[in-house]
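Just one chain follows, in the form predicted alone, and it is written as structure tokens.
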């Protein structure tokens, strides 16, 4: 038998007050990144391990057959044999003095502090081997007449040497993040581009629009996904003696950050709509020294270690 529900048994959902919806402004921001363009330098342990792998491969692989690659007594063959003698009979160019077929083939590790296998040593070995030592008529070319081999570009660029944080061609082995400066003087703050989310937009649309309004349209960028990767909250400020049930003196902010990539172009703050006065492309370690600590802490977990 069912019982009628009395007034005391009825439940009602508590509706939020009007002021609770106006305590915070919802914003969307974009953490725009330039990915690393170079692999990082290996540590001494990594370099020693890679060298060990190469030497082990020399021991296990089929011996190098010169006749398969070079016609006997041609300039290329003579050039190869000359360089092979200088490497003490080792076909590989970047494993140092090591004989994988000899009695001490088991001794394939390097001593602590050895430069063998390090990046600089490998580069010099490959450059030396790339020099043409034998002329077309089979004569050895003297040092003064050898054509120098073009060296690779240095890992540190002009922007690195000058400390120019506005350029993208710096810190090539690390991720760079676009941060912008809002305001002037002591009141200025560094932050990621962000702006209010209007009713007719969703987060990723606002993020793309704000980036264009902040840093110009001369960048080819891509918003990675439509889900925020981090968020930052500032609490509202109430007038003295007022409580949370009243309208705040200053509204708080909830900023939802999306991730983006830059593929070409450069930032340009000319005529921006957000009062921005400067910009920089910074690494994670550099950002830590520029952003307010609470702000940085809210986004650090989505930032790559390099």
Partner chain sequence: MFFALSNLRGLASRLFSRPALLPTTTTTITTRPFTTTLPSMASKPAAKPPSKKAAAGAAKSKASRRVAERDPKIVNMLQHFAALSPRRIPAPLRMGRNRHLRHWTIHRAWLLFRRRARKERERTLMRQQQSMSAACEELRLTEGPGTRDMGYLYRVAMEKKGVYGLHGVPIEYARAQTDTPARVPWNHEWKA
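Numbering follows the first chain given and starts at 1. The model shown is predicted, which means the values in this text are computed figures rather than measured ones. Between two forms, the rigid core is the largest collection of C-alphas that superpose within 1.5 Å.
Form predicted together with its partner chain: not shown, discussed below.
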property	result
Stretch in contact, per heavy atom within 4.5 angstroms of its partner chain in the predicted complex, of 134 to 142, 73 to 81, 182 to 190, 147 to 155	147 to 155
Contacting member of 226, 97, 128, 162, with respect to its partner chain in the predicted complex [4.5 Å, heavy atom]	226
4.5 angstroms heavy atom contact with its partner chain in the predicted complex for residue 54	no
Residue 266, heavy atom within 4.5 angstroms of its partner chain in the predicted complex	yes
Contact label in the predicted complex: residue 197 to its partner chain, heavy atom within 4.5 Å	yes
Its partner chain contact at residue 108 in the predicted complex, heavy atom, 4.5 Å	yes
Contacts with its partner chain in the predicted complex, stretch 51 to 68 (heavy atom within 4.5 Å)	52, 56, 59, 60, 61, 62, 65, 67, 68
After fitting the core, residue 278 CA displacement of 2 Å or more between this form and the one not shown	no
Cα displacement of residue 101 between this form and the one not shown reaching 2 Å, rigid core superposed	yes
